[in-house]
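Consider the single chain below, provided in structure tokens and representing the form predicted on its own.
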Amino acid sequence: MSAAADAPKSGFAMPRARAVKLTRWAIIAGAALFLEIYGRFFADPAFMQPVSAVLKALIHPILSDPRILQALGLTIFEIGAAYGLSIVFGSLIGVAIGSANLPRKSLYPVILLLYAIPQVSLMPLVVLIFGLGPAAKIFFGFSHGIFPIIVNTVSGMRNSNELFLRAAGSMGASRAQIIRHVLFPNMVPSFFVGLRLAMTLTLLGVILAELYVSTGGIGYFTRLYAESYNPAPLFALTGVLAAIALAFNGLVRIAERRLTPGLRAAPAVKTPKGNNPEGTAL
């Protein structure tokens, strides 16, 4: 009975997932076709090029210029370093603030105030402290990425069920055990939301820093192509940066599926041969 009931559901789920993928690719193909036609016949070539020209620019000069490839490698390192620092310090500060009422009431408003400050206004100060090298870009990306992680970590810990907290305390659980076994599992979904937001903002912070202070990084080439009215390599370089962001976000989603209890794949149950009480065909 159960096997027969589950068969239509699984059979329905697969076409639906396939339809979602086909719809997604159809939208992408339609947008690319529209941009190709508009860029080839209607747009000003000084401001927009068709998709085919952008793909040609991706091969040359983007992927064939060793200076651009070196700048891409440096940018990936800066994004990874800034993102890693944001995760470490953001999670530690978030747990420290969200685990008790005193730091949450006293420090959390300060965090929200700092989060609301436009980071671009601090760029001259960052340059004065860290100079024009990678340290300034890493710190600027770090300053963008740490706050979403702190805010979402605190939010996840504050949304813990009060009944669970009281039950754990009544059974003699210590503060560390409550944080580990009650607060942490409840915090995980909100924490990964913060990680995805932090990835986007970290990339934004690093690219902004390169636009302002870099003399040979991705920001420099982006500014060079924009100022010379050469949109094809500019859009190609933007697409490469988007691919980098998608790769980092993909890693975050893989970690989320592995670490979030509700998203873990259930282990397959093997049915012993010859043991088929329902009488259905295996």
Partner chain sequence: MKSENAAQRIIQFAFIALAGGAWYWATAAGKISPLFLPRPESVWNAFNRLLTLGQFWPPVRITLLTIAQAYAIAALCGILAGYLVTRSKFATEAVEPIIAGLFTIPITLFFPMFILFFGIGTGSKIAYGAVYGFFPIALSAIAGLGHVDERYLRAAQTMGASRLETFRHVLLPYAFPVILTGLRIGFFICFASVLGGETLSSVSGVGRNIALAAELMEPARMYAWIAFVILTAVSLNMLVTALENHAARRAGRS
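Keep in mind that what you see is a predicted model, and the values were worked out from it rather than measured. Positions refer to the first chain, counted from 1.
The same protein also exists as the form predicted in complex with the partner chain; that form is not shown, yet it is the one meant from here on.
Using a 4.5 Å cutoff between non-hydrogen atoms, A53 does not count as a contact of the partner chain in the model of the complex. In the model of the complex, at least one heavy atom of A46 sits within 4.5 Å of a heavy atom of the partner chain. In the model of the complex, the partner chain lies within 4.5 Å of some heavy atom of L234. Though the partner is left out of this view, L128 does reach within 4.5 Å of the partner chain in the model of the complex, counting heavy atoms only. Contact annotation: of the candidates I76, L107, A168, L92, the single residue with a non-hydrogen atom within 4.5 angstroms of the partner chain in the model of the complex is L107.
Comment: the partner chain is not present in this chain, but in the model of the complex one of L203, V151, A81, A136 has a heavy atom within 4.5 Å of it, namely L203. For the partner-free chain shown, A19, V20, T23, R24, I27, I28 of 17-31 come within 4.5 angstroms of the partner chain in the model of the complex, judged by any non-hydrogen atom.
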